[in-house]
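Listed next as structure tokens: two forms of one protein chain, kept apart as structure 1 and structure 2.
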Structure 1
């Protein structure tokens, strides 16, 4: 198909030109998604650990809820976030709709269950290995969470990456609450959607390749860290 060769050329020229508009979009994408993943990790990792080791009523129900939420459709999250953040909504007075902050919130909601759900599995495995030692040493739940999060860190990075991938790749939620406003809330995916709708398929595909390239770079970086850890047998 002719679009592909054009798209490669387009991607190359986009990258080589260091087009400031492109850089702006890429950097906003990264910053919104990284911040969302950071906040989601701060909530999701302790939640995942708590679901793995905690004993409290409703734990199984909460686990099911988290696992279900791992598959939340972005447009649904976007719609709910829109309804809440709209000036007519419950959080309207915050004036957050159509801001990068709103996009961070929506992506955090999308990503947090993924991080919590995936990390829970890692914590379950690690905890079966550590349970007796942690208990014998009389560690408080909080101290146990710290040990588990630290010692599972290489496995947890995979969960964070999955969350980051989801955040950078989704378009439904950021489009609804961000509005794809030029120079303000326009990110990679909303630009791709917009260029597609303008029939600029080569540009859209080129941008898609840039997105993939970034995802590749991030994965390569994390993988190399992991491989180094594996070589030292810490995983």
Structure 2
């Protein structure tokens, strides 16, 4: 086992030399997380809007379910996804277990409620503020939704970034359904856990640095979006 200073120096060397193995892992991690966020957004944003301005039986119950799902334990999601994707599961014939697709599915399930819940809150606040004006102009539900989406665009971007941050940090669910297979389903978080247990701190630290940089970039983007939203509010 290396000392921390030696491991840190080696990790920095791996990053600066653009080590192919690390780049492969980082690339797969980003592809899986971005695809999961995209799918989650396609489901979560309309669902958030529906819960905010729609009126239908079971709306309150569905809202509670979405809010509860925002805090789903990753291992529970991983277990359910594993059971569904295993040979004996409902989706077993698709043979998706231990593939990147299975990891995308698990991350989508984790991220979608976050995007739906945050977007719903934004839509609720704006709809409450603009309800009288929207009714005065006699806009249809679809037209109202277009107005709300435009005015909530900064908040919606923040919701998507929050979902992406959640996806990139996930380890439990993707490990259960992905299997951490070298050159196939090995992502940053699962590799960090594995390499740390093996005592290979250089690789673990290198990927940890990448994760920190991604987290910093996401938070910087969130801050930038909030600043833009505050400036737009005063225009």
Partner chain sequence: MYCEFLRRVLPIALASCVSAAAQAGTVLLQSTTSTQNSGLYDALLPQYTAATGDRVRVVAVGTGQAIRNARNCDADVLLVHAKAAEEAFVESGFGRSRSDVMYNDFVLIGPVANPAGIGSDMSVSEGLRALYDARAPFASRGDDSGTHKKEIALWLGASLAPEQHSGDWYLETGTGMGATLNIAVESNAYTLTDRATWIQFGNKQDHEIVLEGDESLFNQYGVIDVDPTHCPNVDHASATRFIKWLTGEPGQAAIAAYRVDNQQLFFPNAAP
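C-alpha atoms forming the largest set that superposes within 1.5 Å between two forms make up the rigid core. Keep in mind that what you see is a predicted model, and the values were worked out from it rather than measured. Positions refer to the first chain, counted from 1.
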Handout entry: Form selected (criterion: the form predicted on its own)
Key = 2
Handout entry: residue 200 C-alpha shift between structure 1 and structure 2 of 2 Å or more, rigid core reference
Key = yes
Practice task
State yes or no: after fitting on the rigid core, is the Cα displacement of residue 11 between structure 1 and structure 2 at least 2 Å?
Solution key: yes
Problem - Core fit, then residue 220 C-alpha moves 2 Å or more between structure 1 and structure 2 - result: yes
Handout entry: Cα displacement of residue 129 between structure 1 and structure 2, core-superposed (Å)
Key = 3.2
